[in-house]
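The chain that follows stands alone, in the form predicted alone, written as structure tokens.
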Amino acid sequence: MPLHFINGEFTRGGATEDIEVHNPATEGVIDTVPRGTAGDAETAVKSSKDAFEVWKRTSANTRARMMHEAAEKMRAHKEQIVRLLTLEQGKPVPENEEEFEWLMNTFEYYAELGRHERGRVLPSGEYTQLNLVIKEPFGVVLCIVPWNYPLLLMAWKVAPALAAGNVVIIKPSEITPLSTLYLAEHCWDHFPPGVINIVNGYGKEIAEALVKHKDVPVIAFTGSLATGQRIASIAAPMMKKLHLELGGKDAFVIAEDADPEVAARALAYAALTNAGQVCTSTERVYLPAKNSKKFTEALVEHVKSLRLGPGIESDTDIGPMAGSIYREKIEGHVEDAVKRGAKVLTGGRRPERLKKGFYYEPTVISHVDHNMMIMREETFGPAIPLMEYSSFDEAIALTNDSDYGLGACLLTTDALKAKMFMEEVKAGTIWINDPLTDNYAGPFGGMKLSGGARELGQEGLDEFRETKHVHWEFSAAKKSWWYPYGN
């Protein structure tokens, strides 16, 4: 049974109960982890505080070398990591292979960026002075990681935090802790004890205890808006640094000039990857009213061709959802839409042939509007709701008609439409003709209720550094402008 990883050792800590980790494709138990306690959180913080005093003084070159070593060990364990990730999370193997590449390459990217610079020199007011801007680590960073991309979203936090000189406590999702614990055992064993700690458990018992702890100055969290708001309310009186990515309700606009076959494939990829359980999944689609029929027909035909099944099987396109409560949510959204006049064109139910596992058929639904939950609330499931627009200005207005602003997609060959879309849409990432593609050097994050944090790029490193201004006068002589003024 995997345990907590604290101060370089695996330990059961104070746990008296265990948490079962299930395979979402079969509903069977894969393994168990200890149900952590507030005492385990306290032990992890003490270990991290002690480790920080050493890690912050470790040279950037040494930190980079250790991060590269971690990436090399990951590469050697790729097959085992991808398989374990597939079993506990459910995505098809090709999608988990992509997640693995992001895991490994994010560590390598920040290994180099972390030793590139730590501030800048300013023009000084006098010749005898030196003015510096220094970027320094905060200390202990709590990384609360979701279940949908447990390694990728962990790496987007942990790698820049370590590169900046911080130490980390990882609270993996209780749904998907196994792959992270595997990394601790096989890929992170060379880091000094306490630099990376992992505590298993439920959010209210472990994460909340760590968020409240006075010696944890930074909280990095990816997850629901409600949980982010809870974290913010706890952290606000303590003036903690918050790094929150809180989901979205991303729109995809198909322009009139788009090719229907290309649009069908782009939409399916953007909406159905990881069974729609992506914070940047397309959850609202806007089609031109003049020719919406041909786009709709191409999409339905393509979606019907996709195979639903266990992620571990080579011919699976779409795997199971993570659990019953997530499947029930999309069922509620589809039911609400149908009651309000929407039409299910394909899917909209649990597959009859798959008796076990948290499966839901990829669903295309038309005749939706913004009064329906499926167009307002985050669905986080394999649904593609279609709504028509009469002008491109209306399409942009509909795209912006959301409390969220994580990302937005456009398919067009019209450069003017692309320019209008990228400038007018309020979202952290704009994808034009290539949905859901990220760049290690490009910042990822949202606007509005999606949160203001940024991951990846230089911005991702700076999220874990605080700024200090140093004013240095070389001469220690008294200054003419000091007291008393009369002289």
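Model, not experiment: these values are computed from the prediction. Counting begins at 1, following the sequence as shown.
Form predicted together with nicotinamide-adenine-dinucleotide (NAD): not shown, discussed below.
At the 4.5 Å threshold, heavy atoms of S173 reach nicotinamide-adenine-dinucleotide (NAD) in the predicted complex.
When contacts are judged by a 4.5 Å heavy atom cut-off, F380 counts as touching nicotinamide-adenine-dinucleotide (NAD) in the predicted complex. Mapping the unseen interface onto this chain, Y109 falls outside it, with no heavy atom inside 4.5 Å of nicotinamide-adenine-dinucleotide (NAD) in the predicted complex. In the predicted complex, nicotinamide-adenine-dinucleotide (NAD) sits within 4.5 Å of a heavy atom of K204. This chain appears without its partner; in the predicted complex, the one residue of A264, L246, L87, A251 with a heavy atom within 4.5 Å of nicotinamide-adenine-dinucleotide (NAD) is L246.
Taking a 4.5 Å heavy atom cutoff to nicotinamide-adenine-dinucleotide (NAD) in the predicted complex, the contact residue among T316, T227, T296, T412 is T227.
Between 365-373, 388-396, 299-307, 165-173, the stretch whose residues reach within 4.5 angstroms of nicotinamide-adenine-dinucleotide (NAD) in the predicted complex through a non-hydrogen atom is 165-173. When contacts are defined as a non-hydrogen atom within 4.5 Å, all of N148, F221 and L406 contact nicotinamide-adenine-dinucleotide (NAD) in the predicted complex. In this stretch, 440-476, the one residue having a heavy atom within 4.5 Å of nicotinamide-adenine-dinucleotide (NAD) in the predicted complex is F444; the partner itself is omitted from this view.
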